[in-house]
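The data below hold one chain only, encoded as structure tokens and taken in the form predicted alone.
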Amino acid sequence: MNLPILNTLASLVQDQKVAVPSDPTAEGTYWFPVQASTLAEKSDWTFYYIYWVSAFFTALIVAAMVFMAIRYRYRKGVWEGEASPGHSWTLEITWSIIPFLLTIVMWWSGFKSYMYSDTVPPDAYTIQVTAQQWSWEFEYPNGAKTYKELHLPVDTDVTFVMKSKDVIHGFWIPAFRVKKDVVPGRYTKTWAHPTMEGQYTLFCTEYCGTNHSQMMVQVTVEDQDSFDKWVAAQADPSAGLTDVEYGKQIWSQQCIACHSNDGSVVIGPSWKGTWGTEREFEDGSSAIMDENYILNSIVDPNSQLVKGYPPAMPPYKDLSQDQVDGLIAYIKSLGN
């Protein structure tokens, strides 16, 4: 089995213990993590209803099989079977009507849960979500952007407007019971109403490449005042940082999955000791790593594909000039 898939399965198991709700008495079950949104209770009820109906009839059918196997077993000296019962309208109506009513409840409960989860409140707080190999970007209404964490206000409707820069990703917060595919070339939406303060985990549920299993984000649900202060502080992420410090912050948020800072090879070339060196490309040409080379590698990476590396990097045309300057300063600081 593919190692990233194994890592994801291990992460799902660990996630049962990752959630740290503010209510110490709240906990998950064998099947699910803690119920931390309004959708969770509705979704879980449908699951448990189907589960217990299935368990009951499984036990009933198995018990009937065992009884009949014993009651009608072969016995020495008994050559003729007992007379078969005739047609029974009562029996046929009973075993038709009861399953019909049970499945109608299943359908109605599932339909209501689906419509509830798929109907986005018109006045919800909106967060723009961008997925790419292999990270998430969250943009808040005040312009603040985060990558390694997602903060949400408790008891508030929150809409996620999502898009992908490359392949299909899956936006999934188990504690909220929220899951929606993020598809390139279009916007998809989902929403949640968090009901419990605490820390949870967001996963990507679509296998999107080598580091798929690392697309995990900490989700923090907090009171409105704490959230307002936090999101205001994120509006200027470079405040109080030097260009090198700001560049390192951007690297740790968006670039670390593909580019190391210690000489080790990940998906793309390491940045350590590369400033001012000559870079050889797949088409046979070369260039010196300077400011213009870095800028071009950010906005049009496939035009200068370093020899020996795959074309895995998407263009980052939405980076601000301050962000580009920070990355240049950080790469310079790593020596040559």
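Counting begins at 1, following the sequence as shown. Keep in mind the model is a prediction, meaning the values are calculated, not measured.
Just so it is clear, the following notes concern the form predicted together with a small molecule, a form of the same protein that is not shown.
Asker: Decide whether residue 133 counts as a contact residue for the small molecule in the predicted bound form under a heavy atom distance cut-off of 4.5 Å.
Answerer: The answer is yes: residue 133 has a heavy atom within 4.5 Å of the small molecule.
Asker: Within 4.5 Å, heavy atoms only: does residue 47 come near the small molecule in the predicted bound form?
Answerer: So residue 47 does not count as contacting the small molecule.
Asker: Under a 4.5 Å heavy atom criterion, is residue 32 part of the interface with the small molecule in the predicted bound form?
Answerer: No.
Asker: Check whether residue 254 has any heavy atom within 4.5 Å of a heavy atom of the small molecule in the predicted bound form, and answer yes or no.
Answerer: Taking the distances in the predicted bound form, the answer for residue 254 is yes, it comes within 4.5 Å of the small molecule.
Asker: Mind checking whether each of 144, 147 and 162 has a heavy atom within 4.5 Å of the small molecule in the predicted bound form?
Answerer: Result no, not one residue of the spot touches the small molecule.
Asker: Could you tell me which of 183 to 191, 148 to 156, 218 to 226, 259 to 267 sits within 4.5 Å of the small molecule in the predicted bound form, going by non-hydrogen atoms?
Answerer: Answer to the contact question: 259 to 267.
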